[in-house]
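We begin with a single chain expressed as structure tokens, specifically the form predicted alone.
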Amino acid sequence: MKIDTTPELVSNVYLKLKENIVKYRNVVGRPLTLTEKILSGHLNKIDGTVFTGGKDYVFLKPDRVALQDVTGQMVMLQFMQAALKQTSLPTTVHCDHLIRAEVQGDIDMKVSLDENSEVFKFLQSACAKYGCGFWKPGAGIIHQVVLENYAFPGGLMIGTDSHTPNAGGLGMIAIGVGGLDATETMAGLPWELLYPKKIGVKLTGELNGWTSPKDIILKVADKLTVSGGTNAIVEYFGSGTKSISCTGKATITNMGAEIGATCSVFPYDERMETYLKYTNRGDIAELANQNKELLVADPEIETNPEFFLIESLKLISQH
């Protein structure tokens, strides 16, 4: 079973973003970063509270959930206890973690299917019963499947996989969580999160020569070390972001876990539009183009990065 992100879902997300961003901007009384826009657009309610990163807890309503086949087993068993007929938001299960890589493709797949057939059959039947998308063994690696099919600019997704932040390359706040977080959200409860601090990374220039997107995140890791991003969302901005392909951006956000970041995110641009079109989501790209002001930081952030609670890092991406 395959459930794509529908234009209707994305359109509704953008309507909520538009409404909540105005409210939250009035609450804080200043321009907003992209991180603040997406988070405020998914708040369970806006009551006039100005949240402090690393201190306050917030309740959010994600747009999607993605499960892998190891922790996904317990998530589905826990969800059954809710006695609901289906999940309250789009959910997919991806069978990739139990596929071994020891000898070669066909041999490893056959052994993996034999060893884990009971698990795969359970997950497939549970998905069919509760209306979840099911990606069978061999259908692809979870974070790449999500990027190609489900991620969209401005969305909020949680996943029971450490590579969930990969979707930040497509302008989505995507956060790896524990199984119970996913279960509660699938059952319709709001998701509780320690409001993240913000780290701004300003990129200027262009990649050239032998440089690659990986060099950028390695430089960030060099500055922040393995724990410098703890309880923070890393937001990339500046003219240099436009020279990086969508998959290159995903490489950077995927590796945000190496600095302990909650996740990382890039602003929407033409490289993301191109990727959406090449992955047969031109309708999503059109919606994003119509709502671009919601999917980038306010213009003042570009010239005044002090709006980040943590001093921004200026990296020159031209080596």
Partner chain sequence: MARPISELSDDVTSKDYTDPISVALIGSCTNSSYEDMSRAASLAEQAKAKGIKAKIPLLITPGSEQIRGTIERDGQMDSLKDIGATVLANACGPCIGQWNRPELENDEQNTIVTTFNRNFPGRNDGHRSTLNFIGSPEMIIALALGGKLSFNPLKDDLIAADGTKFKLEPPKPAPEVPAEGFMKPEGIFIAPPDNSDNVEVVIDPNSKRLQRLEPFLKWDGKDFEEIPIMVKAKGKCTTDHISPAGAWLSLRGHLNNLSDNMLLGAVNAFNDKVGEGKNIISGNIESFSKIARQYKENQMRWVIIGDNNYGEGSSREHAAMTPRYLGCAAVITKSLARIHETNLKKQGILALTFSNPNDYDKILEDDRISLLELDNMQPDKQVKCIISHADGSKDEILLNHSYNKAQIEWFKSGSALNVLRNK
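Numbering follows the first chain given and starts at 1. This structure is a prediction, so every number in the text was calculated from the model and none was measured.
What comes next is about the form predicted together with its partner chain, which does not appear here.
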Is Y236 near its partner chain? Define near as a heavy atom within 4.5 Å, in the predicted complex.
no
Using heavy atoms and a 4.5 Å limit, would one call T52 a contact residue for its partner chain in the predicted complex?
no
Just to confirm, T204 within 4.5 Å of its partner chain in the predicted complex by heavy atoms?
no
Taking 4.5 angstroms as the cut-off for heavy atoms, does L224 touch its partner chain in the predicted complex?
no
Within 4.5 Å, heavy atoms only, one stretch in 266 to 274, 25 to 33, 290 to 298, 41 to 49 touches its partner chain in the predicted complex. Which?
266 to 274
Scan 227 to 256 and note down the residues that get a heavy atom within 4.5 Å of its partner chain in the predicted complex; none is a fine answer too.
N231, S245, C246, T247, G248, T251, N254, M255
